[in-house]
Structures are given as C-alpha cells and as structure tokens.
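Only one chain is included here, represented as structure tokens and corresponding to the form predicted alone.
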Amino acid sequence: MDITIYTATGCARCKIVKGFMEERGISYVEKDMKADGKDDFQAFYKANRSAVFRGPEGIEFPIIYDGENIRQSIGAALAFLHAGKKLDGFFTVGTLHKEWVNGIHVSGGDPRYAEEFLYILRYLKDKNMKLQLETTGKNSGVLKQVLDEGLADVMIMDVLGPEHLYSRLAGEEIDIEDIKASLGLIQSFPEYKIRTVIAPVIREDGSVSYLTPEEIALTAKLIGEGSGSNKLPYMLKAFEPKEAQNPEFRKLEPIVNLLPYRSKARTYQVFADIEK
C-alpha cells in the first residue's frame, strides 16, 4: 500500500514509524508540515478535521493516510501498518510526549489478535519507549502476557463500578471473573493505579443517574476481592458531562462533592482518595 505520512521536523516518533515502513518495504511519501509539506498538510487537515485529534498542545504526529484510513500517533500508526484494522480498539491517539507512549488499551481490542498487539508493544520497547497502558479488566489473559514480558511501565486500571453493574457500564456482557483476574495481576506491574470515574448509569427503568456512594463502596469491595488487598492506591474521579458522547449524560450536572464517595470507598479500600 502507498502511505502518506504527515510529520513535523525533529519528530522522533515520526522517524520510528518511517523506519518501520522501510523495514517492511512499504512505500510512503512524507509531508513535513513544518517544511515543504505545510500546504499539503493544511489541505489534508481541512478535509479531515473531524478525524484528526487536536489536543491542548496541538496535533499529535505522525499521521498516516492510505487514501481511506487515517491513523494518528506512533502506536496507532504502527498497529495499522502491522495488522490493518485488526488492532483497532487496542490503540487510540496517544498524547504523552518525550519517551512515553499512551493510548494503549488492553481491554479495547480483540484478544484473538493478542500476538499482533504484543508485537507492537515489543517494537516500541525495542525503540526505548516507555509504555503507559490502560485496562478495564477485560482480556485478563492478554494483560498477563503483557506483565510476563515486562511490556508496561505504568498500568492504569479503570474499575467501572460494582459487580452487578459492570456489564451495564461497559456496554457489553462482561465476565466478572475476568475483571477479578486482572485485579489479581495489577499489583505486579512496576507502577500502577486503580481508579473509578463516578459515571452515569442507565438504570433498568430507563432513568439516568450517577453511581451512588454505596455503589462505589461495592466497587471498592470488588477491588479487594479480586486483588486480595484492602490497601491499594484507589482513586475516585468526577465525571465530566460536557465530554460525554451520550447526549443524555451531557444534560447532567457535575458532581461537586466527592467526599461521601471517598468515605464509603474507604470501608473496603483504606487508601481511597479523590483524584485531583
């Protein structure tokens, strides 16, 4: 396939992706948005504005484009070049800089493609990149492989909620034993964090409401049951309605006081705290 790669002068991540394509014999055309490719990139961005992520610090590079598919940032670009769309879900746009790579989601992809996923992590580690991965607990078998090979420098586990609401919050059927298995692994990573966003739930009667302090207590209990510890670094985070995709969630008022949630969580996780 012919690839256009949009780069920025001095972008080390762009060099890694170009090197990958050269190793594979993939032909590409480079457009440096800070040099001769500036006009080409502006035209591309104008035509594809909705598909290109622009954060507070600007646009993340590299961006690759094959005439149909766009992939942005080093992880997502390498994943697409290696396995096409098979790894969609495992990789999204990363926003960390220097030697750090994020936007990597153990639970987001199809576990049938675990080996292809691990290949990209190995490749990034071989290029001296440090990796921050995230999981919701799904795909615990893949998480175990990541741990065994030492492919994550930081692991963030988002525990969505209590056992009885986990599938509802995830938007798919979840095996709670899979979640508990991941909780049993999390402490073995070099650095890790467990957190819960106090998110809205669509209740059985169709109403929408936030997780309650009592439900957060049950979430902390689930963490203890899976991990075997009641002394884990457990952070509670407020939900941002304005960032929600669901229009019903955007109508909610933000939770202002998280102290009742922290108090309930400390029943089962004594170091539970509020993420600043």
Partner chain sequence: MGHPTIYPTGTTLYNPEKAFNGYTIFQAAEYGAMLINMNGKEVKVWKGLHGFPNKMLPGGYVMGSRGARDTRYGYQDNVDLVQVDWDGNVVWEFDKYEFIEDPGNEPRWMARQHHDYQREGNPVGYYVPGMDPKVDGGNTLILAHKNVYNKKISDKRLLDDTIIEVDWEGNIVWEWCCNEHFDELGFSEAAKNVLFRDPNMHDCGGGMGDWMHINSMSVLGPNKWYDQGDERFHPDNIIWDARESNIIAIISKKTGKIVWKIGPDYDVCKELRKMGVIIGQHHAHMIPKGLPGEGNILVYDNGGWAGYGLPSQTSPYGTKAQRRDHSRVLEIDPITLKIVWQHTPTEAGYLQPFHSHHFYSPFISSAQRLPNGNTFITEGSGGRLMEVTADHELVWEYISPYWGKKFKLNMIYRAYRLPYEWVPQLDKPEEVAIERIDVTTFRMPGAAPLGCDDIVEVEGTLGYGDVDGFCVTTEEAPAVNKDDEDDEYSGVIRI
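These numbers come from a predicted model, not from an experiment. Numbering follows the first chain given and starts at 1.
The protein also exists as the form predicted in complex with the partner chain; that form is not presented, and the subsequent description refers to it.
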Between 38, 54, 251, 231, only one gets a heavy atom within 4.5 angstroms of the partner chain in the predicted complex; which residue is that? 231
4.5 angstroms heavy atom contact with the partner chain in the predicted complex for residue 266: yes
Does residue 9 reach the partner chain in the predicted complex, with heavy atoms at most 4.5 Å apart? no
Contact label in the predicted complex: residue 13 to the partner chain, heavy atom within 4.5 Å: no
Within 4.5 Å, heavy atoms only: does residue 262 come near the partner chain in the predicted complex? yes
The partner chain in the predicted complex - contacting residues of 262 to 276, heavy atom within 4.5 Å: 262, 263, 266, 270, 271, 273, 276
